[in-house]
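Next up: just one chain, as structure tokens, the form predicted alone.
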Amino acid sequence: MLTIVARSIIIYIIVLLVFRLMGKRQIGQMQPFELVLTLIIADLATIPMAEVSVPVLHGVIPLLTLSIVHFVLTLLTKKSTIFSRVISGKPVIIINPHGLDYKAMKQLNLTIDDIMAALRNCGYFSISQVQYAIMETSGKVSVLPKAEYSPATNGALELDEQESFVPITLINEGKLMEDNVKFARLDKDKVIEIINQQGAKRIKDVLILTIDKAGEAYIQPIGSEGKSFKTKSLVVEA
């Protein structure tokens, strides 16, 4: 009995350390590869706890191996945008100003019921209230409501309503998001010009740069505070 208790404590401590190394994300915030590793670790941990005939080391080695695999995959996803898309996928717009994107729904194997349930979880009960809805790589849906349905509504405050736009990420952790730059009908030189005007010299010095169709932009250099600024409106495809 004492042997089982001791083995359980050892495995528990190791699993706890492994999950601490993986970060503090909740299950709903995990990337697909993180969720897979979590499920495998949970199964592996139970074997040396329950089976006294299995040496503890045979349970510890796979756990440590998986923690190393997680570290390597996380590093690769940060270094390579292409690898990140292959492993984790990318956010997909499922509702745009024209309504539901049927092609995106088929790509993600979503039904209308799935989308309506996700919208209700975000506090919206009609597609007509939504300007954009985005399926994140974690499986959660993020919603940008139309101006009149924002939490503090312009209608209630009797203010002029302004259309809402989804910010486009042009630079992500020092890497130029080439697809987004093309989507915004910009080029690398124009992005460099924008960051130079805000005091940053190189793309790799910028933690994040976002910009929307109305020209509202946000930049945060690595190691510095972020700030919002106004630039020329973009010609973004619907």
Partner chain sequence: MKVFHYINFGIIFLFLVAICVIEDVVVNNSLTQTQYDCFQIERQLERDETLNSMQMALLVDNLEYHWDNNESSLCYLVNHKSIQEIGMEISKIKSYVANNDVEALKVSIETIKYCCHSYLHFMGASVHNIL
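Numbering follows the first chain given and starts at 1. Note that the coordinates shown come from a computational prediction; the quantities given were computed from them, not determined experimentally.
This next part talks about the form predicted in complex with its partner chain, which is not shown.
Based on heavy atom distances of at most 4.5 Å to its partner chain in the predicted bound form, which listed stretch, 204-212, 171-179, 60-68, 34-42, is the contact stretch?
Answer to the contact question: 60-68.
Which pick from M116, I93, V86, L75 sits with a heavy atom within 4.5 Å of its partner chain in the predicted bound form?
Contact check passes for L75.
How about L21: is it within 4.5 Å of its partner chain in the predicted bound form, going by heavy atoms?
Looking in the predicted bound form, residue contacts with its partner chain include L21, since a heavy atom lies within 4.5 Å.
Taking heavy atoms only, is P55 within 4.5 angstroms of its partner chain in the predicted bound form?
Although its partner chain is absent here, P55 would touch it in the predicted bound form, with heavy atoms inside 4.5 Å.
Since only the chain is shown here, I'm wondering whether D187 would be in contact with its partner chain in the predicted bound form (any heavy atom pair within 4.5 Å).
Close contact is absent here: in the predicted bound form, D187 is far from its partner chain, nothing within 4.5 Å, heavy atoms only.
Though only this chain appears here, would E193 touch its partner chain in the predicted bound form if you measure heavy atom gaps against 4.5 Å?
Because no heavy atom of E193 falls inside 4.5 Å of its partner chain in the predicted bound form, the answer is no.
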